[in-house]
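This document starts with one chain, in the form predicted on its own, laid out as structure tokens.
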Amino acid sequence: MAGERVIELVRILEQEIVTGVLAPGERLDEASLATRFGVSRTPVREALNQLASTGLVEVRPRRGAAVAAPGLKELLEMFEVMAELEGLCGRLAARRMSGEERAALEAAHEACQACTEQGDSDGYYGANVAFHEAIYTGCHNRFLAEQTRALRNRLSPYRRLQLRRVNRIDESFAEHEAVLAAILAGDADEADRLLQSHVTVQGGSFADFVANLPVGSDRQATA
């Protein structure tokens, strides 16, 4: 029972972190969380330790736990790796996707289109995740999919920030459309290239991305 409660706490807190409900740098007080969830501090502490092992939480000596807030240099390094992982997923998916998996990717793309047309940014984020998940599934490499998903979860609060930029959702949808066409055509090189470009923080979007970062997230910019 205690183990199940810890798993539930991990699931809830992880969801709140990756969706931005709990912001990067936000303190996670054990006593407050224990009161909120109606449990003792022991399962809360265990849940925080598990989240720390995935990089979503930082446990700091004598200061307690907080939502991980990587500095700018570390963020850019993670986005760089994320682009490579996404590209590889797309490359393999273009070669390995079954007909059923291609249909699932098209359905996810249609969901993105509906949210784009409605101007539903929150809905688009969820549909966007489903689109990328369909690619991870279609790459038929479970280890790669797990590693890509884990890094995506660490970067989720910052990827949501990217969608705040004016016209970014329309741009993202257009990029998805090109990725979809490449995968359906079995063009592995193009799928790889397009997905890397889609994920990378580059060009004029870089300044906008930095401007939207939570205060303190640039603490390692000169490290």
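Numbering starts at 1 and follows the sequence shown. In this text the structure is predicted, and so the values were computed from the model without any measurement.
Keep in mind that the form predicted together with the DNA is not shown, yet the notes after this line are about it.
Original post:
Taking 4.5 angstroms as the cut-off for heavy atoms, does residue 35 touch the DNA in the predicted bound form?
Top reply: Contact with the DNA, no.
**OP:** Tell me, yes or no, whether residue 186 is in contact with the DNA in the predicted bound form, where a contact means a heavy atom of each within 4.5 Å.
**Re:** Heavy-atom contact with the DNA at 4.5 Å: absent for residue 186.
Original post:
Can you check whether residue 177 is within 4.5 Å of the DNA in the predicted bound form, heavy atom basis?
Top reply: No, residue 177 stays farther than 4.5 Å from the DNA in the predicted bound form.
Original post:
Given that the partner is absent here, does residue 26 sit within 4.5 Å of the DNA in the predicted bound form, heavy atoms only?
Top reply: So residue 26 does not count as contacting the DNA.
**OP:** Among 152 to 160, 178 to 186, 192 to 200, 39 to 47, mark the stretch whose residues have heavy atoms within 4.5 Å of the DNA in the predicted bound form.
**Re:** Answer to the contact question: 39 to 47.
Original post:
Check 5, 30 and 63: does every one of them have a heavy atom within 4.5 Å of the DNA in the predicted bound form?
Top reply: Every residue of the spot touches the DNA in the predicted bound form.
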